[in-house]
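What follows is a single chain, given as structure tokens, in the form predicted on its own.
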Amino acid sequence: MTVTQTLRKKPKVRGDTRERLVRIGTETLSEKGFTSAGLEEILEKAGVPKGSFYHYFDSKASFGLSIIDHYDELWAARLTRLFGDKDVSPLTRIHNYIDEAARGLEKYKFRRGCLVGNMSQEITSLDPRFRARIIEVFDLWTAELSSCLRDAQTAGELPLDLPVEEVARYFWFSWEGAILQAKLEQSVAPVERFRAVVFRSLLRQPG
């Protein structure tokens, strides 16, 4: 069982209409902040009357938390697939994660970024429950990457005294900045600069 499977609660989204709202909400909030994303826009895309929205969610905040759960579940599958890939070396798994993310940025023409990163930037205007949920997501991502880094230590790719959890947390904090800058520049160059610094300064092989 992976770190993600052990620690993460797996949310269930039932019902075609509710599922469609959460999926379209996830896509929209990956492009826009939660406060600037109009509920009417999401409902129109989903083909759901506004009056029906409150049949599925008691508030916009409840809707937003469901979107975070859904995004977290999607990212759990991605991290498990990439960071847990035993067919490649542990450090190559991290390169593969960065490669896939860069392709995603280009695929969506730099409109979409990290949903929880977007929400983090407007946390002071959000329901207090968002803060705890977003911190939980980053903690789980940190645990998943830490496990990959420990595999790298075992494989002799990283020094045994590397503080893996601290490095993993720094990776995600810096990663969010790189994604934001990539959207700003409309280029994967910031992601590549991030990669170069991380592997040159933090994930150096022993000796």
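What you see is a predicted model; the values in this text were computed from it and never measured. Numbers follow the displayed sequence, beginning with 1.
This protein has a second form, the form predicted in complex with another copy of the chain, left out of what is shown; the following refers to that one.
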Completion exercise
TL;DR on 146-154, 58-66, 159-167, 39-47: the one with heavy atoms within 4.5 Å of another copy of the chain in the model of the complex is 159-167
Handout entry: Non-hydrogen atom within 4.5 angstroms of another copy of the chain in the model of the complex for each of F110, N118 and Q181
Key = yes
Exercise for the section: Please run the contact check for R131 against another copy of the chain in the model of the complex: heavy atoms, 4.5 angstroms, yes or no? Expected result: yes
Exercise for the section: Answer with yes or no whether R193 is in contact with another copy of the chain in the model of the complex, where contact means some heavy atom within 4.5 Å. Expected result: yes
Practice task
State yes or no: in the model of the complex, is some non-hydrogen atom of T17 no more than 4.5 angstroms from a non-hydrogen atom of another copy of the chain?
Solution key: no
Handout entry: another copy of the chain contact at S52 in the model of the complex, heavy atom, 4.5 Å
Key = no
Exercise for the section: Enumerate the residues of 183-206 that have a non-hydrogen atom within 4.5 Å of another copy of the chain in the model of the complex, in sequence order, or give none. Expected result: K183, L184, E185, Q186, P190, R193, F194, A196, V197, V198, R200, S201, L202, R204
